[in-house]
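Taken one at a time, structure 1 and structure 2 that follow are two forms of one protein chain, written as structure tokens.
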Structure 1
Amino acid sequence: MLEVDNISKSFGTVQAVSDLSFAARPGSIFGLLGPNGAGKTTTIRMILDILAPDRGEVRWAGRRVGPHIRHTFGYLPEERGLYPKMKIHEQLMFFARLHGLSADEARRRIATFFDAFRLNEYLKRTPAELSKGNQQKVQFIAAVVHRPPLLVLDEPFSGFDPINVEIVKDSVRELVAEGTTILLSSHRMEQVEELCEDICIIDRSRSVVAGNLRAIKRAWPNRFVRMTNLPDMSFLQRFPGVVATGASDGVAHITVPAGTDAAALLRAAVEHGPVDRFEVAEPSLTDIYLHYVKPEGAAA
């Protein structure tokens, strides 16, 4: 288990991370979210032992993370970094050997990844000869070739088309099935929501919500109804706390308290006109994020 225990970090007068705690369970995907400048990158650097916390501790399997433990981790940074003049195969071999793989095992794993990522034709090319998407796939392989117990992914899907997003997601799921714990930082809410079981959202250096995503959704005070936008929506006034928040493409968007009788709401709608769409949904991760993360300049 990855344990982030009450860590803080400041740079001069700037408090980058304040009393942050969370835990990522073995063989799971944990989402670390927040706006630019919230402290995500500083947190990741403390997890990877690149920066030392001013207070608190980062532990892996109960031991404080130091150079020997950090060496086993995998890391895909947001800022890409491949050796520009070194052949792809050569540098992947270099990274694999740095993590202790034999030459034969490294070649076998690289070949498997190149088949899965459709990169075989680029094996003897340099990064400069590859598209940004293919460069990113190569760097992903470099981060996972040694099958790390902990993999930190910082914006792993940026620059990918939908097909390659699915290839990377499949690879992430395979790693989790094999026991790898993954810390995923991304602004792509739909992908975090699809992949992550647990999350932590930070804003202005502090955690604003953390825990199991399903539990956070179940505890949310409101639900969201999407239904046919009828000419007369006055029937909503019969239901306390129900608010129409707008409409688009013939669909009304309605916020309802969690205890509202959805069946009664549907019956009332049907009385006022033909209803060909009616669905009740829990809040999305985007809804949760927008609730907790305040716009720049707003009061915390």
Structure 2
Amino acid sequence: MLEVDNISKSFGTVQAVSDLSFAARPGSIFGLLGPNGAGKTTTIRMILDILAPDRGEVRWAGRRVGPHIRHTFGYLPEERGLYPKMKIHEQLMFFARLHGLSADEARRRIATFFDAFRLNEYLKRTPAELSKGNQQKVQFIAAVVHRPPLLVLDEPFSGFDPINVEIVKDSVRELVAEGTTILLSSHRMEQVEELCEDICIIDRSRSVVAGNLRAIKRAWPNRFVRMTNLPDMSFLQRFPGVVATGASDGVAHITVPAGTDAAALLRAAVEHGPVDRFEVAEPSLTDIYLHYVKPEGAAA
């Protein structure tokens, strides 16, 4: 269990993170979202004990994160980097051993990963000789080779083609199944939505929403109706709080309060014309994100 307890950090006059709290459960993926400059990287650095919070603390398994535990964590930073002139195999051995594996264990694990990632032919090459995608795979292996109990992935899928995205996703799911706690930071909403059970969105150094993604969606005050756009949509006015937000391609976009009787809405619609499409959806993560994160320059 990773607990982030009310941490704050400022650099000079810039407040990077303010009173941030959340918890990530073992064997699950926690999504950390927010615009660039919101404080995600600073938060990650405090979780990994690279930076010390000004206030508050980060706990792993009930203990404050410190030198005794930090080196067992895995970290795939957004800014990727390998030693360009060091052979792949040596490099992974180095990282694995740096994270506390024995030489034998490290060799064994690297071999397993190389099979899974189809990298065997590149063992003796240097990163400079590899394609970007293969470099990314090596970087990913470097972050997970020691089977960290906590794995921090910052934009893990950037730079991968769709096939490799699936390979990495499979590997991530495997790690979760083994009980790894994963903190995933990404701008790719659909991937976060697909993988994460819990999320926290931060904006301008503060947490704006945090918790179980399903629960957040369920508790959302509105639902979203997509239905055939009829010539006469005036019936909507009979339902309090229902707003048509626009239409495109013959589909009307309608926002309705969560308590609205959708069946009654559908019946009313059918009276006004042929309806061959009608669906009620919970908000997407994008909807939630856009609701909470104010555009740059808007008042906080």
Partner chain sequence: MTTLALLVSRDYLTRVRSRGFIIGTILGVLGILALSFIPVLGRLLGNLFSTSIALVGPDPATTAIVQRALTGDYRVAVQKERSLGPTLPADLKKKLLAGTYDAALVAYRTPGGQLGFAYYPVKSAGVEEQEVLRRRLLQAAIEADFQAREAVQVAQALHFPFTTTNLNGRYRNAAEVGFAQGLVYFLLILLYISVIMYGVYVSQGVIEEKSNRVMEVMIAAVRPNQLLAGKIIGIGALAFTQMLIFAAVAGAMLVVAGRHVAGPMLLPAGSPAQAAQGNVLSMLATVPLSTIVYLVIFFVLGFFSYAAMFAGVGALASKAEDVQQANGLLIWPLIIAYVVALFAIQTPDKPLMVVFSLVPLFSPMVMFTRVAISVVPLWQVGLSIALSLAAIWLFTLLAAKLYRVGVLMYGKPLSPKEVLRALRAPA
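Because the structure is a prediction, the values reported are computed rather than measured. Throughout, residue numbering runs from 1 along the sequence of structure 1. Throughout, rigid core stands for the largest set of C-alpha atoms superposing within 1.5 Å between the two forms.
Between the two chain copies, the one drawn from the form predicted in complex with the partner chain is structure 2. With the core held fixed, residue 178 shows a CA shift below 2 Å between structure 1 and structure 2.
Once you line up the core between structure 1 and structure 2, the Cα of residue 116 ends up 2 Å or more from where it was. Core-superposed comparison between structure 1 and structure 2: CA of residue 189 displaced by less than 2 Å. Superposed on the rigid core, the forms differ at residue 97: its CA is offset by 2.7 Å between structure 1 and structure 2.
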